[in-house]
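Okay, so here's just one chain, in structure tokens, the form predicted alone.
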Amino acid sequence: MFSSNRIVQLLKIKYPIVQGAMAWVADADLAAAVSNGGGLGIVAAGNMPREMLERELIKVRKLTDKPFGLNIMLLSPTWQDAMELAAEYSVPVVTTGAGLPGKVIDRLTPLGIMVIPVIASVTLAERVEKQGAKAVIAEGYEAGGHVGDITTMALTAQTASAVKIPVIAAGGIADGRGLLAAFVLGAEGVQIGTRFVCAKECNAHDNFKQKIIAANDRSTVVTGKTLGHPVRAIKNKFTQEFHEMEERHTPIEALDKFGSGRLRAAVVDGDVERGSVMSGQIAGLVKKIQPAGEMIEEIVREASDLASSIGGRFE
């Protein structure tokens, strides 16, 4: 299965499933579990200090002998440290987000490291293809965390028509139906974030996981548009207060200060009322905690069974 899939061939993985890069969530334990399960696990650098990120990269190598990736958030003040650690430790794959990845592509591609940017528009996809990106992750508005303003369905199809490199669809995907739909739209792989938060191996606080499990289709909201970096999270006291501050035209500096540290508060400390519970709109489909490998096998089996039921093949 998937022997001719370009994402599988490029990343040297069993299934065309990439784990989303979620700051404070996507650590070595989760990344290794996803990679061992046949997907591509990702360590999210976020704003990690260099020493902490280095420990995670050493740890993930001990936990898996499979390919894994590192996500570099280009808005982070530590992104250059993350880039240099990727070079030093010969990380197989680097994904990028929240910025223009030209410098990362130029630095890492000559070292044999595959750079796969997250893009929110066709224009950016075309730009990074010319710069040497090996694939793109087309992430739609449905995703958790930082989002653009184009839906996954619209963005995936148009991106697949515009570039020759493989497209990985992201945002609103959590099961076999989403995987199969992404392939129909022209993608050759998917990135899944929210469901992997509820992996048994994920170290996120149980309060965070239970908040996702209890969510429905209308549980998330987008805040931060006035900052220019909108974020999707599950509604709570924090998102309500943030929204009210935006409506009052609170200065950007005050909004930044109010939002600082809220993701860590939710993921690490379990404060799911005053913290930022970043989650995609697909949270309503996530109903249990289970091993990451079991999730992956279930998703692939669902997609294959569904393809067979409509007279097709999924491979």
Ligand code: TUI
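Computed from a predicted structure; not experimentally measured. All residue numbers refer to positions in the sequence shown, first residue = 1.
Keep in mind that the form predicted in complex with this ligand is missing from the display, and what follows is about it.
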*Specify the contacting stretch among 196-204, 177-185, 77-85, 140-148, defined as having any heavy atom within 4.5 Å of this ligand in the predicted bound form.*
140-148
*Which residue among Ile213, Val222, Ala154, Leu124 has a heavy atom within 4.5 angstroms of this ligand in the predicted bound form?*
Leu124
*Which residue among Ile192, Val115, Ile168, Val118 has a heavy atom within 4.5 angstroms of this ligand in the predicted bound form?*
Val118
*Should Ile105 be classed as touching this ligand in the predicted bound form when contacts are defined as heavy atoms within 4.5 Å?*
no
*Examine Pro92 and determine whether its closest non-hydrogen atom to this ligand in the predicted bound form is within 4.5 angstroms.*
no
*4.5 Å heavy atom contact, Ala162 to this ligand in the predicted bound form*: no
*Decide whether Gly97 counts as a contact residue for this ligand in the predicted bound form under a heavy atom distance cut-off of 4.5 Å.*
yes
*Answer yes or no: in the predicted bound form, does this ligand come within 4.5 Å of a heavy atom in every one of Met73, Val231 and Met278?*
yes
